[in-house]
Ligand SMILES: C[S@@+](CC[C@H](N)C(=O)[O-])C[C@H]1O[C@@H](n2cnc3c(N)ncnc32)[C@H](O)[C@@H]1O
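Form predicted on its own, single chain, as structure tokens, below.
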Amino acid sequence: MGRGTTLIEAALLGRTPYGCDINPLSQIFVQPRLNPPSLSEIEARLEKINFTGADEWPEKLLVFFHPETLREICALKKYLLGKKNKGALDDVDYWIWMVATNRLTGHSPGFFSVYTLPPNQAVSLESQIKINEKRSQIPERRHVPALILRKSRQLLADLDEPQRHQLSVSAEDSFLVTGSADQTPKISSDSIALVVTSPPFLDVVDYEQDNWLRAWFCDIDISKLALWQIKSLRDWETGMMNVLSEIHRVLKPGGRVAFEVGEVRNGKIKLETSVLKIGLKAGLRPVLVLINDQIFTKTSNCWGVDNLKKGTNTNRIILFQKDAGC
């Protein structure tokens, strides 16, 4: 599922979205956007939350946050986890949790933090200290409820009533799985018309490191998750074979899968070559390979690397089909 863009677009198109991700953060990102509350409901709930009632004080996080901002973040965490433990969370709470999780750290005053990397790439405490020293910056006061409301207003601005209705209809039959994509027994065989997925590109991304701060806020022990961090191409192909075999099982005859990968190791390894080979072994018929050559990426700029020299600069989408009788 990742951050859920594909599932939300599927719902808006009238499809029934099913999603799977081993990281529980994905459900926090996806579920609220399938059931968005009104802006007035969000505003009313924020007014009721005690943003001064923090019990936790992780002083080390002051490299990211002003003390009063950190106090509000900890108070919101206490409120959300308290309601979760009581089984009392509703759609408004889930929405606030989703927005707050994505506002923790970033590169503009719209985030809770001082200037840092985007929210899906949380740097270490040591790295943030270096960023602060290099930029001669100290965390400024950010008002957590005000920023949540402002971001909610932006997210909901273009959502009209027909779209709300479509989301509610699609959400009613949606199904979100927290688990590994190579084992989804809760999804019936021959039931899925289209699979869209992008697996880990070998060990290019450290998902545990990138999500450590969001995991703290959501009370997730990310070190206990079996996140795929595969260095060997052979091991990666074995893992992808298991995934594509499971995709073959759940696909309807005639169903298709768009499997997005990239080139890694400075372009020396082009993963679509491996995917084509193992997709055939899994019983899927290749239809086409689409290569999107990117001119510029925000991420490469954040890291200060020259585009087209380092990182992943192309998206490579392999389209397979499950033929009838397979």
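In this text, all values refer to a predicted model and were calculated from it rather than measured experimentally. One rule holds for the numbers: they count along the sequence shown, beginning at 1.
One more form of this protein exists, namely the form predicted in complex with the named molecule; it is left out here, but the text below deals with it.
Undergrad: Quick check for you: of 100-108, 135-143, 84-92, 175-183, which stretch puts a non-hydrogen atom within 4.5 Å of the named molecule in the predicted complex?
TA: Among the candidates, contact is made by 175-183.
Undergrad: Verify the contact flag for residue 22: yes if a non-hydrogen atom of it lies within 4.5 Å of a non-hydrogen atom of the named molecule in the predicted complex, no if not.
TA: Contact check for residue 22: yes, within 4.5 Å of the named molecule in the predicted complex.
Undergrad: Report whether the minimum heavy atom distance between residue 217 and the named molecule in the predicted complex is within 4.5 Å.
TA: Taking the distances in the predicted complex, the answer for residue 217 is no, it never comes within 4.5 Å of the named molecule.
Undergrad: At 4.5 Å between heavy atoms, is residue 226 in contact with the named molecule in the predicted complex?
TA: Yes, residue 226 sits close enough to the named molecule in the predicted complex that at least one of its heavy atoms falls within 4.5 Å.
Undergrad: Considering only heavy atoms, tell me if residue 200 and the named molecule come within 4.5 Å of each other in the predicted complex.
TA: Yes, residue 200 sits close enough to the named molecule in the predicted complex that at least one of its heavy atoms falls within 4.5 Å.
Undergrad: Can you tell me which bits of 1-18 touch the named molecule in the predicted complex, meaning any heavy atom within 4.5 Å?
TA: In sequence order, 2, 3 come within 4.5 Å of the partner.
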